[in-house]
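First, one chain by itself: the form predicted alone, in structure tokens.
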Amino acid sequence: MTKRIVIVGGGTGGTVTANLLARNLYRQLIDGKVVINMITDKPDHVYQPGFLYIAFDKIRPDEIVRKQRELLDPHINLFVDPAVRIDRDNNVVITKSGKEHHYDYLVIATGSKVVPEEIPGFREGAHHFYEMEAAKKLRDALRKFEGGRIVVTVGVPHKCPVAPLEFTFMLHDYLKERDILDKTEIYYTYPINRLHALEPVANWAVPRFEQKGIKYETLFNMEEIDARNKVVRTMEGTELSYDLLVAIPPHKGAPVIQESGMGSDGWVTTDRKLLRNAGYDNVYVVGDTTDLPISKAGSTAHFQSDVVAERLTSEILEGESSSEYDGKVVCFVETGFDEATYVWFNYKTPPKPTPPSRMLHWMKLGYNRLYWLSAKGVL
């Protein structure tokens, strides 16, 4: 009897999982014993960490986009038709066109999206780099900037947790390159009582900020942005003026998750080791979609995809699996235009940033180019 695998979402998690399954189950796919269907809402696949580099004119927009079909094993069926309802009790995904995709196993990889509309005045008064058009607009604004106060502020929750720090460090070098650093004040804010959610990363960042003359403020939760007067106001009752505001918008999960009654704000309840949706042994979750208390990042999705692909392969071929996710996350962190650091951590081991170096910077740039092989399940 044919086993049907449906993967909802064509980002890093969904794409890597699909390609690994196609490789592991190649013979079964050829013989028609397994079918893999991917459902996604757009025909293109975007390497989202590239947005940061677009903002600083370090990567062209076309360099971080590929056709989703080109990244998938040819034996995977691709449907560019957004999922609008997931019925786990009847093992079916319904798409916008009305098509019903029945499954034996489901992988949910619907990711996250920015919701700037949750902050009044955000769209009128702030820039960000978490979407293609936004990154290009920020690039243009930075090109025109000639001095003043640049405020970097952070909404929560958000994916790629180290990106605000990376942007701030790269902004320092950008202004230095343009010879306007002495005309500019960089002011970084963060919503909790330190510079980053991960305490070792926060402690590592403080002396580097102070060395570079970057001012900072913690316990700063933006509540509204007054674009006319160029002021950001906080839940704490304070306000801060700016000449250019770069604000990380809060994120939510995909609407289909909420509309299917699968999780508050679009996050799916997920077993931290097995990566199964609680209460459904045939439903797996990868990437930003999970409600796990770990970083929503590309490497997280990739490591989880390895586990999910192995578990599904073993369940289909052998009836059981022992693979588990240990919470592993790996991040290269740009500390400017020519150096970077590196952190890795899991459920048991806290992160410990290494000393920044040119080698780590070039390793990150190298991975930016090799990402497409990673998405194909080669790396």
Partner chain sequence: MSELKIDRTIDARGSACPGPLMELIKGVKSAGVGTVIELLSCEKGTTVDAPAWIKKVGQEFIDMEEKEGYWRIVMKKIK
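Every value quoted in this text rests on a predicted model; they were computed, and no experiment measured them. Numbering follows the first chain given and starts at 1.
Just so it is clear, the following notes concern the form predicted in complex with the partner chain, a form of the same protein that is not shown.
The candidate spot formed by Glu133, Leu171 and Gly336 is out of contact with the partner chain in the predicted bound form: none of the three has a heavy atom within 4.5 Å.
In the predicted bound form, the partner chain sits within 4.5 Å of a heavy atom of Pro157. Although the partner is absent from this view, Pro161 contacts the partner chain in the predicted bound form, with a non-hydrogen atom inside 4.5 angstroms. When the partner chain is considered in the predicted bound form, Tyr26 lies well away from it, no heavy atom lying within 4.5 Å. The partner chain in the predicted bound form is not approached by Trp204, whose heavy atoms all lie more than 4.5 angstroms from it. For the options Glu177, Asp265, Asp140, Glu146, the one in contact with the partner chain in the predicted bound form, meaning a heavy atom within 4.5 Å, is Asp265. Taking His128, His101, His302, His196 one by one, only a single residue has any non-hydrogen atom within 4.5 Å of the partner chain in the predicted bound form, and it is His196. None of 254-262, 291-299, 102-110, 78-86 except one has non-hydrogen atoms within 4.5 angstroms of the partner chain in the predicted bound form; the exception is 291-299.
Contact annotation for 232-247: residues with any non-hydrogen atom within 4.5 angstroms of the partner chain in the predicted bound form are Met235, Glu236, listed in sequence order.
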